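Okay, so here's just one chain, in structure tokens, the form predicted on its own.
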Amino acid sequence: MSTENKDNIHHGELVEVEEVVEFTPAYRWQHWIRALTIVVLTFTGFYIAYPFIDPSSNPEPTNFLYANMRAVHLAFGFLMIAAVLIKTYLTLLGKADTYKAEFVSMKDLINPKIWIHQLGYYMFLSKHPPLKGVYNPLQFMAYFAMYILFYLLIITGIVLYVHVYHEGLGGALYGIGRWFEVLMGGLANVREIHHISMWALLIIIVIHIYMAVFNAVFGKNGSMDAIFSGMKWNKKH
């Protein structure tokens, strides 16, 4: 992990800080790809569920807005699958210290003192606790829930896909898609789980953005900038 020492003024005192690698380029790329796909999939998904835009009246058979929305939804759905799989690979098998630090965050997750101080920090009652990993307990729980929802969306999305496209990839995945359909109690339930997972993901994203901005504003360590530059500043102990 590369570092660079600097001095910083903090509450009138001179504090020595070090520049550390927070996110690798691969992490940052898949993060922003996922962010883009979530925006596009949410918009097109709402349209597929309830077409809220009517194409211009035309006597010619060219009003394929719904079909176009479905095509965009499918394209960005597979793009999201690729980004989620890349992130899963990096987390489980990535060699960089930043990926290993994600697992180290589990030590803070089971530490009651860290939980108490972290909750106090968000309520302006205590200082931010020193962490062993890269995520505090609330962040870790939010990210863990986020990836459960990602995989629910992927599985239910594939089940819905194979019931429309029966050749090529759809045909290859049809058998396992049918297995998940039965497991979830039928195609109607699959659609319901897909929609509920989307709403739950949007709620967690709002919480994620709030915590990221909160830590950037009150932590003053460049944590919000890190998702762009990859670097943040830590106080030297």
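Each residue number is its position in the shown sequence, starting from 1. All values reported here derive from a predicted model rather than from experimental measurement.
Just so you know, the form predicted in complex with a small molecule exists too; it's not on screen, but the next bit is about it.
Exercise. Of the listed stretches (22-30, 207-215, 48-56, 177-185), which one has a non-hydrogen atom within 4.5 Å of the small molecule in the model of the complex?
Worked result: Result of the contact check: 48-56.
Exercise. So, in the model of the complex, is Y122 in contact with the small molecule at a 4.5 angstroms heavy atom limit?
Worked result: Y122: no contact with the small molecule in the model of the complex.
Exercise. Using 4.5 Å between non-hydrogen atoms, is P137 touching the small molecule in the model of the complex?
Worked result: No, P137 sits far enough from the small molecule in the model of the complex that none of its heavy atoms falls within 4.5 Å.
Exercise. Is F144 close enough to touch the small molecule in the model of the complex, meaning at least one heavy atom pair within 4.5 Å?
Worked result: Looking in the model of the complex, residue contacts with the small molecule do not include F144, since no heavy atom lies within 4.5 Å.
Exercise. For N63, is any heavy atom within 4.5 Å of the small molecule in the model of the complex, or not?
Worked result: N63: no, not in contact with the small molecule in the model of the complex.
Exercise. Though the small molecule is not shown, can you say which of L74, I148, L109, I116 has a heavy atom within 4.5 Å of it in the model of the complex?
Worked result: So the residue touching the small molecule in the model of the complex, by this definition, is L74.
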